[in-house]
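The chain that follows stands alone, in the form predicted alone, written as structure tokens.
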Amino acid sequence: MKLKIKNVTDFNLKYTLESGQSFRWNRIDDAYYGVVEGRILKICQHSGTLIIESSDDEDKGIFTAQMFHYLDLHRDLAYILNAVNVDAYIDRAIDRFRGMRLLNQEIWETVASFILSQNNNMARIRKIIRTLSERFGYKVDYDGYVDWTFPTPQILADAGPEEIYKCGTGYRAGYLYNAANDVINGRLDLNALKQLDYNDAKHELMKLEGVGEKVADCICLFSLGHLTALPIDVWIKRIFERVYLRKTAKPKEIQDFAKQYFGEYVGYAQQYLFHYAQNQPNWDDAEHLELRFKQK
């Protein structure tokens, strides 16, 4: 299947796929290859045109709808960014990375991936997910690119925590194994989870062993489309303490301030702030800190 989407506005493929919200994409020349819901996708962007190829033979209408949802193309990003663009600091972040969108990823892989992300860096997370997929997934290939599907809850439950541990998961092996069993036994209904509002979805996710507020918020934001979710990792904590609150703060204090300050689209605000700080070495120098008090 090959799909061409023309006249795409406010979308940047590079910023979207390289902003730390997904762990399965690899850039080769001018294309990105990744495994999404069991098949390889190849995506290229040429100005306002997206070319998306799939290793599966798919219904074009269904595939188009899936890609619009996955890449968040159905949202009015200009409206969202205008809503959160409340000071000169975030205005600079938005100007630098305009077009970055929040992916709507497959729920089980997102749950598993962010369980594995705890106390981990991007390179190691990617390596663990790759190892798990090679060990327990199915091989898929397209256009010379070879990868593996992410293992299902049933496969991981059958494998057991010891085998999962051998993939470099460390103490997270037990959490992942238990999450897989919770899905199989119906204690976590993934389809029902998609129908819940943000607070209820977060509550259900935090019933999983090893899933705290940060991981639950990542899943809500990067899979379930709850843009009011605010994952607070070490970077977001540092950004709000240095730029906005100017003091050491607990996660609850950051949550309360950020949601009041940025409003219902705070999830988008945090992603732009996060990616800007990751790519701007002097993000908290004196000149940057002054931007917080200036109008855009």
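This is a predicted model, so every value here is computed, not measured. The numbering used is simple: start at 1 and walk along the sequence shown.
Beyond the structure shown, there is the form predicted together with the DNA, which is absent from this document and is the topic of what follows.
Stretch 115-123 is the answer when you ask which of 145-153, 81-89, 195-203, 115-123 has residues with heavy atoms within 4.5 Å of the DNA in the predicted bound form. Taking non-hydrogen atoms only, Tyr177 never approaches the DNA to within 4.5 angstroms in the predicted bound form. Though the partner is left out of this view, Glu162 does not reach within 4.5 Å of the DNA in the predicted bound form, counting heavy atoms only. Mapping the unseen interface onto this chain, Trp25 falls outside it, with no heavy atom inside 4.5 Å of the DNA in the predicted bound form. Within 4.5 Å of some heavy atom of the DNA in the predicted bound form lies at least one heavy atom of Trp235. Think of it this way: in the predicted bound form, the DNA has a heavy atom of just one of Lys250, His46, Arg246, Lys60 within 4.5 Å, and the residue is Lys250.
Comment: the DNA is not present in this chain, but in the predicted bound form one of Asp72, Glu106, Glu213, Asp182 has a heavy atom within 4.5 Å of it, namely Glu213.
Taken together, the three residues Glu209, Pro231 and Gln271 all come within 4.5 Å of the DNA in the predicted bound form, as judged by their closest heavy atom. Taking the DNA as positioned in the predicted bound form, the residues of 8-24 that bring a heavy atom within 4.5 Å of it are, in sequence order, Ser19, Gly20, Gln21.
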